[in-house]
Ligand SMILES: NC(=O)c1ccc[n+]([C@@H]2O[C@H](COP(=O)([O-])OP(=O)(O)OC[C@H]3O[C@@H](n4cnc5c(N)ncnc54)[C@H](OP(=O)(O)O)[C@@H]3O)[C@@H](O)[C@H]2O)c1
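There is one chain below, alone, in structure tokens, taken in the form predicted alone.
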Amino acid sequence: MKNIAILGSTGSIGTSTLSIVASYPERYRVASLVAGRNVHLAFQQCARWRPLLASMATPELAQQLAARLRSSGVTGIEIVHGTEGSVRAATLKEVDFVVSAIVGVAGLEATYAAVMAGKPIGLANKECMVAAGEILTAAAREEKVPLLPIDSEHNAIHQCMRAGTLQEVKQIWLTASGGPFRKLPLSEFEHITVEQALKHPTWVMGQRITIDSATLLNKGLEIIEACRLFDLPPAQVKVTVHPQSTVHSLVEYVDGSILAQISVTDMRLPILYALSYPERVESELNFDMRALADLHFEPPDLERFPCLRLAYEAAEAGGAHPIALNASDEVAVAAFLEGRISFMGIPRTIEEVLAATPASHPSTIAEVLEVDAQSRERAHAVIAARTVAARKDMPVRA
């Protein structure tokens, strides 16, 4: 029996992980949950799974959850809150495996604490690896802790790389669906609406990751994550647009062999892979081979998707620049969703922030979070300055 901590239990990865637990009750048990702000769903999860501990974002939300549990007669669950609560959830002595699925850098400290506590990690939070990958991977090597990717592309690479050594790898290929604007004329990109950008052709995801998939910034973050997870330079991490999303990624070896991982587009499969590694557990997530009848691959258009170019530049620079890339994108995406900047305002904001980011290499989690905060401030300032300039350019009504 493997006792699991789920950081981000109310999100899509968290709920998918719980569905895996439900399918394999003889293998997995929920030890702790970090639920963020969704008290209603946190209550339902606690009532069903009876974890030892559950954490909410704030003291007020923790009190609400505790009150609902008491009134329903659910006892024996310790309710905590904030970053300290997340760290507690990730480092309980009973925990055998941690699923890190909190969106953004909010889960960084808990993930690092889990590594230092010797807990194997199922990593679904690419922002942690982008912002602090150098620190996390060094700590994981020191503590001999496996970092098992849950993100479908990196999970695919992990599977393919079991066939050879790192020295035998020529390059890896991350596949991208191309998002909803793969064929949209570039001249129309300034007028893309929020509703259009949120219509992903393949996956159902949260708002930020859906917008990131539309700009291909999501694939850019995956480039950086792949460099850290698999110890490869950016030049060996390629991107190919594959609209069918059937091939999740490929590994090309020095002898010319290319291995591809193919499966259903269902996040439960990479979650199950990570939870059961190094075993493979029988599942009902079967692939229909008829889907292989129509496969297309094409290079990404960096003019159409400048975020991908910016990600490669940040990956080459390393240190503070990937942190700034992720932080400025999060701020810019929020501004786009609120109607304060255009779709192409996202890459413009990121580029200005990266240009203003001094070269440095944070060596602690605290330093990473400081660079993250500074980058967010720069992004807010860039957006505010552009808003003021736009107002000045507006015609004055008589």
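One rule holds for the numbers: they count along the sequence shown, beginning at 1. Since the structure is predicted, the reported quantities are computational estimates derived from the model, not experimental observations.
Although not depicted, the form predicted together with the ligand is the subject of the following passage.
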{"property": "Listed residue that, although the ligand is not shown, lies within 4.5 Å of it in the model of the complex (heavy atoms), from V145, V80, V87, I209", "result": "I209"}
{"property": "Listed residue that, although the ligand is not shown, lies within 4.5 Å of it in the model of the complex (heavy atoms), from A274, C227, L174, A101", "result": "A101"}
{"property": "Per-stretch contact check against the ligand in the model of the complex, the hit in 126-134, 289-297, 308-316, 185-193 (non-hydrogen atom, 4.5 angstroms)", "result": "126-134"}
{"property": "Partner proximity in the model of the complex: I350 to the ligand, non-hydrogen atom cutoff 4.5 Å", "result": "no"}
{"property": "4.5 angstroms heavy atom contact with the ligand in the model of the complex for R37", "result": "yes"}
{"property": "Interface membership of A106, the ligand in the model of the complex, 4.5 Å heavy atom rule", "result": "yes"}
{"property": "Contact test in the model of the complex: M267 vs the ligand, heavy atoms, 4.5 Å", "result": "yes"}
